[in-house]
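For reference, the chain that follows is the form predicted alone, supplied as structure tokens.
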């Protein structure tokens, strides 16, 4: 069998495994959609998609892969990359560290010693990162964020206005975090504008295939697998992969790194994106969440695929790299 034929056979095996997982896990009814944002509580809890994109642009799609949902906290990873690109690592580190916390994503906790948010994947860090988005006023800054998404997605994404408004109306805990950071000099005195931008970035509509494409771009050293555009610098992708592995799955990050071992980011909209360096992106969408805010079916999919295909980043042989 030629190398290309062997690769296609492995992809076919992977696609069939995803299809089998989708069929087997679809009846799973554990967990429920996020309810603290009222608009998210109205989604169909049984939607379920698995998607993968390789670094050379092969797509695998199973289930409701074309259904749109809001990206939510997965945006934190992309905005962190934008901040690093715009301001450089040292400037960003003055405001946001990289230490896992073990606390919930919306904990009102800061790094007192360094006077900064603990990491960019919790809400405090994400708000501090959003404060770094350049632009004169909310509209201009929203367009800066949409332009960033466009480089990953190949289109300018829409914002779910109903979710944006719902987040704005119920975001008082995030306001408490932001005003605490203002009092400490971590963010600038435009708190409501920055919070509005934060709620907007979380309300961007994506599909599971979009998330897999984002993952493949980061996995490909920042080069889009289809357009060939350098979306984000390769040295920035190293930082994104690091914080995704250590902090990306909320306070479940340690267990995730141990059992799955794939840099990943989840969102309370039901999405999870995993990034396999040099190989591609893997995404799952299912709105039923566990107590950590992670998709229940999504966790099962990643756990089983990681074991089946030996995807753990620290697997001694890492045979999945042979798919390159």
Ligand code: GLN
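Not measured: the values here are computed from a predicted model. Numbering follows the first chain given and starts at 1.
Just so you know, the form predicted in complex with the named molecule exists too; it's not on screen, but the next bit is about it.
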Exercise. Would the named molecule be touched by all three of 72, 76 and 123 in the model of the complex, meaning a heavy atom each within 4.5 Å?
Worked result: yes
Seminar exercise, completed: None of 174, 166, 237, 101 but one has a heavy atom within 4.5 Å of the named molecule in the model of the complex; the exception is 174
Seminar exercise, completed: Checked 206, 187, 96, 202 for heavy atoms within 4.5 Å of the named molecule in the model of the complex; positive is 202
For this session: Using the partner position in the model of the complex, report whether residue 257 sits within 4.5 Å of the named molecule, counting heavy atoms only.
Result: no
Exercise. Is there any non-hydrogen atom of residue 80 lying within 4.5 Å of the named molecule in the model of the complex?
Worked result: no
Problem set entry | Contact flag, residue 267 vs the named molecule in the model of the complex, heavy atom cut 4.5 Å | yes
For this session: Although the named molecule is absent from this view, report whether residue 250 comes within 4.5 Å of it in the model of the complex, heavy atoms only.
Result: yes
For this session: Tell me, please, which stretch of 36-44, 22-30, 50-58, 279-287 lies within 4.5 angstroms of the named molecule in the model of the complex when heavy atoms are compared?
Result: 36-44
